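What follows is one chain in structure tokens, specifically the form predicted on its own.
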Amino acid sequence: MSEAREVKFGVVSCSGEECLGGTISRLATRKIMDEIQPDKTVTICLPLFLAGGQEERTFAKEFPTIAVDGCNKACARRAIEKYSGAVSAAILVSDLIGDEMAEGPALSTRDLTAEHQKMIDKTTLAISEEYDVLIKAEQVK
């Protein structure tokens, strides 16, 4: 008798603190983990991943992982590819909200406006859509 393999998905968000895209990336990732797929996703700390965190690197190697980058530097995606192999999906916030906006000044969550919330929702939707594609592919296996 075979049991279905429980699949967790890793979501690695941008750690950029100096631009809005990084903030949007982190808040959308948090929303996926807390509200949309709370028991099916985990986040991987990008700084720990880069510093050599073996658990994080092994997770990204063995489980589907979605990179969510704030700008076209794509640090999260590039780090995963360097240390753990190809990402399962990559979201670029600047593609969703525009380069100029994504590279705009960072802000505190206390200063979020309705416009910022729409950007977070748009990014969350993009992550969720990639998640849906990946979970269907896992169910076929």
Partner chain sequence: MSSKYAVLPCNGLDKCAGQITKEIALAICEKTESDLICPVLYQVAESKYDTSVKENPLLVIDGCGMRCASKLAAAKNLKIQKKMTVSAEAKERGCVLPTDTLRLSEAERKLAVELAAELSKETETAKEDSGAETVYQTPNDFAVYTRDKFIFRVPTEGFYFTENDCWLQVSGNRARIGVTDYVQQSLSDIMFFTPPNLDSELEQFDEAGVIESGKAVFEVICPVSGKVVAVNAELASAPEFINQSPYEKGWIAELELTNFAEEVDFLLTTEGYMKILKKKVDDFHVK
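Residue numbers count along the first chain shown, from 1. Only a predicted model underlies this, so the values are computations on that prediction, with no experimental measurement involved.
Just so it is clear, the following notes concern the form predicted together with the partner chain, a form of the same protein that is not shown.
When contacts are judged by a 4.5 Å heavy atom cut-off, Lys31 counts as touching the partner chain in the model of the complex. Although the partner is absent here, Gly16 is a contact residue: one of its heavy atoms lies within 4.5 angstroms of the partner chain in the model of the complex. Among residues of the shown chain, Ala89 is not one whose heavy atoms approach the partner chain to within 4.5 Å in the model of the complex. Proximity of Leu46 to the partner chain in the model of the complex: non-hydrogen atoms within 4.5 Å are present. Put simply, of Lys73, Lys61, His116, Lys40 only one has a heavy atom within 4.5 Å of the partner chain in the model of the complex, and it is Lys73. For the partner-free chain shown, Ala106, Leu107, Ser108, Thr109, Arg110, Asp111 of 80-119 come within 4.5 angstroms of the partner chain in the model of the complex, judged by any non-hydrogen atom.
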